[in-house]
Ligand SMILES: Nc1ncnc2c1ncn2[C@@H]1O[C@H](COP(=O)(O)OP(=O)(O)OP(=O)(O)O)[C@@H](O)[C@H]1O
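Okay, so here's just one chain, in structure tokens, the form predicted alone.
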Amino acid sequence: MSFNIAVAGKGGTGKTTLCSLIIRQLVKAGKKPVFAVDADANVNLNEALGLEVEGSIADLLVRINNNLDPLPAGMTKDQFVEFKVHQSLSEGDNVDLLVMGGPEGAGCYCYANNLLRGFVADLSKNYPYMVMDNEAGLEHLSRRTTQNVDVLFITSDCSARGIRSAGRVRELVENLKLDIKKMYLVVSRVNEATFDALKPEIEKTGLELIGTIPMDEQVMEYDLLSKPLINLPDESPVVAAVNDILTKAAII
């Protein structure tokens, strides 16, 4: 049984940065291999991990639904999709990545999400740790894509609006009675000079603030030069912050 970590929050709050650095620290702590899942239609976790994307669930479904990949004799559609998903895993030395991709036509995610739940549950059994980067917003929670999670990190930027959005994620998780054991708030791009003003809003969310991630020019430099964030040096302030968060959460 894998230990499942998920990251959720509104767009632009540093979900992918947090996911990639969680994976970095898990690998560094010897908790490998890690199964990474990019469940965001805006695929970019592979760039942060330095992995090439071989394919996505949505791409596979488009090809199969349009008979571009005919079913082999004696194989059902679901069996064939499962076979192709295993083929599409982007494999690294210590990390394997599964990518959801965009909608498979007419904006529909239903079939892809149903498959995602099944494949994630099946594939994660082969890894000690799974880290899922969820799409922005709340819809993935209402579709119950984020399930059977040991720790959910809810991200916010350093704004009152972001903090309130994180609080709504907590409310939805509780209303849907999702199988999530622990929830924590992580605030990114923090300016210490103004952070104290957000504390009343943080208290209103009912979430435990497990840590903050500072502004770091090196992260912006890596993004600008398309360098994998997983290769940030040990002395990076954001690396130290994520390591502290994982330690407090008793993950490493």
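In case it trips you up, residue 1 is the first one in the sequence shown, and so on. Worth saying up front: this structure is predicted, and the values here are computed from it rather than measured.
What comes next is about the form predicted in complex with the named molecule, which does not appear here.
- Contact with the named molecule in the predicted bound form, judged by any heavy atom within 4.5 Å, is made by just one of 188, 205, 56, 46: 188.
- The closest non-hydrogen atom of residue 230 lies beyond 4.5 Å of the named molecule in the predicted bound form.
- Contact annotation: residue 220 falls within 4.5 Å of the named molecule in the predicted bound form, judged by heavy atom distances.
- For residue 36, no non-hydrogen atom is located within 4.5 Å of the named molecule in the predicted bound form, even though that partner is not displayed.
- Contact annotation: residue 214 falls within 4.5 Å of the named molecule in the predicted bound form, judged by heavy atom distances.
- Looking at 21-57, the residues that come within 4.5 Å of the named molecule in the predicted bound form, counting any heavy atom, are 40, 42, 44.
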